[in-house]
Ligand code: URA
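Below, in structure tokens: the form predicted alone, a single chain.
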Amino acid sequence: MQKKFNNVVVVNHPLCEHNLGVIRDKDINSDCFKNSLKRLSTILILEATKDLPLKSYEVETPIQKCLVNKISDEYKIIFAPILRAGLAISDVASEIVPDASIQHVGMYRDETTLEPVWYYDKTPVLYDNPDSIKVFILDPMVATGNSAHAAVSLFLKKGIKIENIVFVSILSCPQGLELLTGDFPDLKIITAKIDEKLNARGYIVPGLGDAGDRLFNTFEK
């Protein structure tokens, strides 16, 4: 029986299952992989943002004035894709929430140590009013969890509350989730599936391979 993790939401939706089935297939081309991953990301972003605060505004329809609810302007929304694979999710997120700020964080995995190596950080040194910021960290995979852990730690050091951070991933595995939920029990994680385990190279099993290579056609055949 698979372990249950607190604050981890596995989105059970037929279209999640369908598109995940498509992108697992090693024989599909990059274009098909990218489009199915975006469809899957749309569902996950909708789930991740369902608790965004609303505020009432008065508008005038062609008939009369009325009150409507819109996303509150009292909060700043940040989507933070972990480069480079997270870009596929942030493309979708920026279409759904066009007023959000996209702040890139760049890491690659050292294939020997499996530790993240930073190479880019487009977040400010300090945030104004960090209590009123909602951050959605985007990365297709939570494998070892090391890159995810580093990204969450980055925003915590800048004053963002853990309850205002959501991590969005396509696939997760128990090892990575144990690291994240152990160190950040109040972090909310949205994922489409928790797979079985990691292999000796730190890849999720059965997984879908290297998401970045498959998105950008940079893998060696």
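Numbering starts at 1 and runs along the sequence shown. From a predicted model like this one, the values you see are computed outputs, not experimental measurements.
Here the subject shifts to the form predicted in complex with uracil, a form of this protein not shown in this document.
Engineer: When uracil is placed as it is in the predicted bound form, are A80, V105 and F155 each within 4.5 Å of it, taking any non-hydrogen atom of the residue?
Structural biologist: Zero of three within 4.5 Å in the predicted bound form.
Engineer: So which of A143, A93, L138, V135 reaches within 4.5 angstroms of uracil in the predicted bound form, heavy atom to heavy atom?
Structural biologist: For this set of options, the contacting one is A143.
Engineer: With the cut-off set at 4.5 Å between non-hydrogen atoms, does R109 touch uracil in the predicted bound form?
Structural biologist: Yes, R109 is a contact residue.
Engineer: Does the 4.5 Å heavy atom contact test between E17 and uracil in the predicted bound form come out positive?
Structural biologist: Judged by the heavy-atom cut-off of 4.5 Å, E17 is well away from uracil in the predicted bound form.
Engineer: Is there a non-hydrogen atom of I204 within 4.5 angstroms of a non-hydrogen atom of uracil in the predicted bound form?
Structural biologist: Taking the distances in the predicted bound form, the answer for I204 is yes, it comes within 4.5 Å of uracil.
Engineer: Can any non-hydrogen atom of A211 be found within 4.5 angstroms of uracil in the predicted bound form?
Structural biologist: Flag for A211 set to yes.
Engineer: Which residues, if any, of 79 to 96 lie within 4.5 Å of uracil in the predicted bound form when only heavy atoms count?
Structural biologist: Contacts from 79 to 96: none.
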